[in-house]
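Just the one chain here, the form predicted alone, laid out as structure tokens.
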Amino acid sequence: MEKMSRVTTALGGSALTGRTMHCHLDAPANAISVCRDAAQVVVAGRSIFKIYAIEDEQFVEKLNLRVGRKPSLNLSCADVVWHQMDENLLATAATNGVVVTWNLGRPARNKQDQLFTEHKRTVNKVCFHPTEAHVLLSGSQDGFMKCFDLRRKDSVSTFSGQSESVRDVQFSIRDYFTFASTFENGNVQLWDIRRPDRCERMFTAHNGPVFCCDWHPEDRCGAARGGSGRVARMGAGEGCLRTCTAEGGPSPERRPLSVSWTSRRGWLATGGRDKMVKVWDVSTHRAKEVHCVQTIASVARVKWRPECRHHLATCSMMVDHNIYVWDVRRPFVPAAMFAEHRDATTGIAWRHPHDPSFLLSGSKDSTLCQHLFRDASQPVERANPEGLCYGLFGDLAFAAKESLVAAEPGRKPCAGDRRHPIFFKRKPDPAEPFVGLASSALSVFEMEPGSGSMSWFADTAERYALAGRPLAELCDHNARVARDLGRNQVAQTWTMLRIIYCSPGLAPATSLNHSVGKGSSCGLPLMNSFNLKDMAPGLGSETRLDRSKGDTRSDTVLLDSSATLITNEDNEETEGSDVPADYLLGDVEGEDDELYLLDAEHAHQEEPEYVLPQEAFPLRHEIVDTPPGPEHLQDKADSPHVSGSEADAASLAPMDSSFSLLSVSHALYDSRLPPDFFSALVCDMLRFYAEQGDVQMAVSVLIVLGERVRKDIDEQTQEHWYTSYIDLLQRFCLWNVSNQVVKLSTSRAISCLNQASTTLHVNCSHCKRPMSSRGWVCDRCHRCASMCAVCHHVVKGLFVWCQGCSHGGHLQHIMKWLEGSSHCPAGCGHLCEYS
């Protein structure tokens, strides 16, 4: 590794010197710990347990604690800790559930001292008491924590966290009896070692397992200003009182005038699988989150930086191999980053509790590193000082470099700005650690009052009908709602959806594959076609209308009563013709796409139809030439299977005084396009609304149309639309509409949102004790808790009760009672409120 700068730190007569360096280990490390004088470090893992001396230029191996002929699981370490009062005392947590202590002062080669085998599963963490040399605490995968006195063979107390796994335990630095424990269910518990029966406090810290915790190292101190002109500094931990003379002369009175406290004694940092580091103030009655740092991976270790009030170091369990030092006041950009490791970092420790310059780390890449803080990279130097963000009500904030803003002294707002922007800069903080690294000026463009109103969104959500009616009624209703709110485009969209999916006489999709003649590529549904060879002989000698003289006739070619128009090969437009006619479409021999019209006055007389003679034997019934057609094709004149004079007589019916149209076939298909033809267009419409930000329209149409369109949109896109719409509904407190959308959704990821388990805590209305989940009979007073306070009968149906006094009864009885009185019907005097 490249040799870097050297640092010397004076610590009360001694000095820490060193540089950024690393050494290769024999196996991956799981944990590290530093001795009291910061001169040695112990590295432990499944296949390694060694002590290294920290010299100026390198790490030097001093002792290998894995001795013995046979390998033992007691040496497979998940954690290691070096006592800060006794430099010869070590403790390890084994993967087989054994807690082992090691005495480095023993003259024998094997330094193992004691074994505690009370845990049933892997021990995740061990911790020494900061002031008691013989007190050791352990947390195991079996959900128990045990406190050991090293002068005894067994544990002195056992703590049950009521959880499946304990991930970390840490004694408080300043509070003698308190320790914190973290669990895989996301809870953090504070215990008093004198009371193993129950924890003092419990709170949910993370959404998922909490892997680590660390108490803030600073003490609680305060300053009292007295009338004597002196300022007294008081340390609560040591109970000391130091005085110093302040400006001003002495005062006749010597009583304190004011006291100010700066408390970080109760700060506890926790890290979890939710990629967050949270700082909790547990000195108050309820744990309060004071800071939250967002990382990019699960947090495996967290350690406060010495002598830096707001700095802490973190490392990840996987994915991210770097070590970060965060300023909790800037939770999104780390203050420093160490990128020496090539695999997950498993252990970090500051070399000395009063030196913020040296950080030690062990990793799965089988390396032990010492990091010098001044050699760390600072990501804030590469941060982009420009940004753009929209506010909830349409305000626009834009941050840019000061040089860009200062370069335009006469800058005026753009034409699209509704008002002059506000330029302001945050006042510099003297204690800010990143001053001058990334500075920018902020411009805010505010919306005009009332222009960003979202009342239409709430009104639409509450008035829309999404289910419970026929599709046509749903579309009409939603169109009226949109039209009433002035959203004409949305209203027209609902109307078009009704026309597409709800009009009668839908055509099957198979009718879209016909073509019009040889020169047409139109995919419209057409009539049945046939060849002129198949017609009766009389039809072939009809007069052909002359088309060679250039006069443009307006021969109308109609598919049905909807008057669909086409043009022939000679570009003769038939649009606007008043002459009703049918098509003669077929594989015609002769000129392409010629249409024949018959003039009734000049039609040739038909030749007699040739009829076969009767058979030699009598027929039992009359032979019918053509079987009857379907009900809608009963008219023989419209059937292509009729022959002879019947077909001619039906075909040559005059259309007006001069023309008659040859009818050759009935339209076998309806000319309307099927809804499937518009599926791609409807899907594009939904994506258009979603891209424009109107996810409400996209989700509403998705629910109303159901399977008609849902199959054409991928599941991930639907889930994204649903999630966005539900989030907007909850922002506007439209809980009922949100629940309805979740209920009507067919996406598994969305439909399970309102199926999460709900815990209901019920107290007995007589003895006020919590009720068990086995029934409505109290375990203590053996009385039924579901007794109606009005009729004094057992409630066997819907039960309602006041959350303040626990009294209640039948819903109808309570509602009737509240019409005349707001006091509890049980006579307890409570002013009951029901939601």
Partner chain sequence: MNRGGSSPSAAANYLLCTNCRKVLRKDKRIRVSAPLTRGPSAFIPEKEVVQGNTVDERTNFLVEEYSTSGRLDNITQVMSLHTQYLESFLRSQFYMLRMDGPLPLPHRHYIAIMAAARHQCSYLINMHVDEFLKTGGIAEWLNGLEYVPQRLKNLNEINKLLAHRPWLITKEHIQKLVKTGENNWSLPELVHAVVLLAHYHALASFVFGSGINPERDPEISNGFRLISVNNFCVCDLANDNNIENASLTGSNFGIVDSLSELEALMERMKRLHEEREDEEASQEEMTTRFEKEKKESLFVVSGDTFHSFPHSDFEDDMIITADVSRYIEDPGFGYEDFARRGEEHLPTFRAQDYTWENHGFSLVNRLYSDIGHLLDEKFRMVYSLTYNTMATHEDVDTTMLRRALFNYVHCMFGIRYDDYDYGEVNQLLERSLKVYIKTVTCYPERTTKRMYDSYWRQFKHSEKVHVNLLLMEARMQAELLYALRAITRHLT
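Numbering follows the first chain given and starts at 1. Quantities reported herein were computed from a predicted structural model and do not represent experimental measurements.
From this point on, the text means the form predicted in complex with the partner chain, which you will not see here.
A single residue from the set 376, 502, 709, 297 has any heavy atom within 4.5 angstroms of the partner chain in the model of the complex; that residue is 297. Proximity to the partner chain in the model of the complex, defined as a heavy atom within 4.5 Å, holds among 83, 371, 167, 206 only for 167. Residue heavy atoms within 4.5 Å of the partner chain in the model of the complex occur in exactly one stretch of 89-97, 152-160, 196-204, 104-112, and that stretch is 89-97. Although the partner is absent here, residue 50 lies well away from the partner chain in the model of the complex, with no heavy atom inside 4.5 Å. Though the partner is left out of this view, residue 184 does reach within 4.5 Å of the partner chain in the model of the complex, counting heavy atoms only. Not displayed here, the partner chain is kept clear of residue 480 by more than 4.5 Å at the level of heavy atoms in the model of the complex.
At the 4.5 Å threshold, heavy atoms of residue 473 stay clear of the partner chain in the model of the complex, well away from it.
Residues of 39-59 placing a heavy atom within 4.5 Å of the partner chain in the model of the complex: 46 alone.
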